[in-house]
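Let's start with one chain on its own, the form predicted alone, as structure tokens.
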Amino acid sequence: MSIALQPSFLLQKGKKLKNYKGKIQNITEKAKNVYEIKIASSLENVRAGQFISILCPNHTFRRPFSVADFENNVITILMKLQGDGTKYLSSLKADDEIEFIAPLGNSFEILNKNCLLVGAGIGIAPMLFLKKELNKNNIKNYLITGFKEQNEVISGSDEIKLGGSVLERLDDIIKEKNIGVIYSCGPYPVLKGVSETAKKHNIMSFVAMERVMACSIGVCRGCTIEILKDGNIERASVCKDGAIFRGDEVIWE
């Protein structure tokens, strides 16, 4: 089903963003407090690593979600139940209408090397989309995900780590699979660990940073991090300049 888009005057990195109407196709609980939402709209293109930001009625700020899949104008997101906004979204039914802006942020740079994908918790979402893109390009890849408990597991990975840290397996996998680049999304400690592991093995890493976003378009500057550019330390907005950064560019605390 194709829904007519509405014009928007929002800008991100000089690019006009569009405000879309979409219809819920279905909502499925995939794991404990984690929902998969499929949204039909007239949006024509989204790349792995980008996100959308959904308007929740009676809430000032939109809610950002990484895209877990996109096909035939249908966006798939994974949403963890955390507050009033996500509670509202989880209550929606098929054919309910929502409003969102998209596509937001940059995308993963795809390299023709053996790839290791690391997703921790809800961070699996953009990794699933990236894995699909890599498979289309016949690029060898291996996805490992980490969850605290069995009832939190979201399917789709080649290997699942329960309890502890997903970082414990990285050194072995890099050697076993002859990995040339690592992509990751998850909590800050995981991304920092991925970056440090990649540096140790002298390979490149790309991290999808997780930050609380208010505006989602780089206006409020509430999601800034420090990065190293051309030898200088700069402040970058995760929503506008990311959310994908090279691991060796991020100034890790």
Partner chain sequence: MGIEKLKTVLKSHNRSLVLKTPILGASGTYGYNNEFEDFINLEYLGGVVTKGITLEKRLGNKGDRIFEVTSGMINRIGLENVGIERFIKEKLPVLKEKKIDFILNIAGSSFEDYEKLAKIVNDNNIKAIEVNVSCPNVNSGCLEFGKNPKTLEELVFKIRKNYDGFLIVKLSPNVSDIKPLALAVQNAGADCISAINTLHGLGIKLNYNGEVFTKKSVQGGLSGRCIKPVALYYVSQIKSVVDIPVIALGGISKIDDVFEFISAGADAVQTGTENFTNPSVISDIAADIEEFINKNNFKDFEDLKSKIRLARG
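Residue numbers count along the first chain shown, from 1. Everything numeric in this text was worked out from a predicted model, so none of it was measured.
Below, we turn to the form predicted in complex with its partner chain, even though it does not appear here.
- At a distance of at most 4.5 angstroms from its partner chain in the model of the complex, none of the three residues Arg47, Asn137 and Val181 contributes a non-hydrogen atom.
- In summary, the region of this chain contacting its partner chain in the model of the complex, judged by heavy atoms within 4.5 Å and restricted to 186-194, 36-44, 222-230, 65-73, corresponds to 222-230.
- Not displayed here, its partner chain is kept clear of Ile160 by more than 4.5 Å at the level of heavy atoms in the model of the complex.
- Although the partner is absent here, Met209 is not a contact residue: none of its heavy atoms lies within 4.5 angstroms of its partner chain in the model of the complex.
- When contacts are judged by a 4.5 Å heavy atom cut-off, Lys18 counts as touching its partner chain in the model of the complex.
- Under a 4.5 angstroms non-hydrogen atom cutoff, its partner chain in the model of the complex has Ala214 among its neighbouring residues.
- A single residue from the set Ile98, Ile101, Ile174, Val153 has any heavy atom within 4.5 angstroms of its partner chain in the model of the complex; that residue is Ile101.
- Contacts between stretch 37-63 and its partner chain, counted in the model of the complex as any heavy atom lying within 4.5 Å, involve Leu55, His59, Thr60, Phe61, Arg62, Arg63, listed in sequence order.
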